[in-house]
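First, one chain by itself: the form predicted on its own, in structure tokens.
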Amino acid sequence: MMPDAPLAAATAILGVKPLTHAFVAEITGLDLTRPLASETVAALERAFLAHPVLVFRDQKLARADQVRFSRYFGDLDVSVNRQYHGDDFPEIHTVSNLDADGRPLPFEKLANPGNYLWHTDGSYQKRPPRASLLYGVEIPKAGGVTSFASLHDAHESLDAAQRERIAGLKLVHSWVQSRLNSGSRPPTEEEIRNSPPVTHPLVRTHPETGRKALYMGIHGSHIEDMASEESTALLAMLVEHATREEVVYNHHWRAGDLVMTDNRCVLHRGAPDYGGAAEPRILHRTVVSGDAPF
């Protein structure tokens, strides 16, 4: 089923407002603290196929509200990184610029700067997550943008020779290598055991729409059966192509925003430019379980 069909069905029930890029839309008229009818959830699913980044403004979500809403879309994952776990809701991963005493940190002192590099959540898992939902709890007055790029559009905008070159290639994804690449704190032995390297297609097929998408980012280690220098150069080229300024959607956060992202076909990253790190930036993330890429 191609995106036009689910979009038409969804807009009959929801307010669906496309934003600056076709892969992004704002959903209006919903209070996510209230239970949703099955017809509304089905319409959201259809909108999500048409627009793999959905924005919900002006929400007032407690942790339980976010967990309940996220579960409409599947089971929830718990992060490999135990530092992100909430005390009361382990499904909530806190993403912030705060130290252990609650003070904002500059980018160069963050323990986990990988969030500020292009990635798709959990690609280092055998069954990477289907979707991520980020909720703006505390937002600085300036900066703190999150950027999104369509990996469907990136694949489709390659020329025929480039698409032929990468068809069938396999990319090794490694959480441990990702942490080294990003300068994050070293992983614990338990984290290493819980997250061994995995291999996925460099070009994956969306299981619901059938569209092809590039599938790479900071969690990508190397392309199988390819010389290291060639692999590094090819991956760098593909990320640069996918994240050209003119194709990127930059989300300027307001407290109460919820952004839902399809990890199967979207790259994202935060921007470490929030008020010179003088103000807190706190997001709550939930992650919906997915299937093995093919």
Ligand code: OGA
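Since the model is a prediction, treat every value here as computed from it, not as a measurement. Numbering starts at 1 and runs along the sequence shown.
FYI, the form predicted together with this ligand isn't displayed, but the following is about it.
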| item | value |
| --- | --- |
| Triple contact flag Thr28, His252 and Asp257 to this ligand in the model of the complex, non-hydrogen atom at 4.5 angstroms | no |
| Ala154, Ile139, Ile166, Val95 - the one with a heavy atom within 4.5 Å of this ligand in the model of the complex | Val95 |
| Option touching this ligand, based on a heavy atom within 4.5 Å in the model of the complex, out of Ser184, Asn115, Ser174, Thr209 | Asn115 |
| Stretch from 220 to 228, 190 to 198, 117 to 125, 98 to 106 whose residues place a heavy atom within 4.5 Å of this ligand in the model of the complex | 117 to 125 |
| This ligand contact at Thr146 in the model of the complex, heavy atom, 4.5 Å | yes |
| This ligand contact in the model of the complex: His21, any heavy atom under 4.5 Å | no |
| Contact test in the model of the complex: His268 vs this ligand, heavy atoms, 4.5 Å | yes |
| Contact flag, Ala213 vs this ligand in the model of the complex, heavy atom cut 4.5 Å | no |
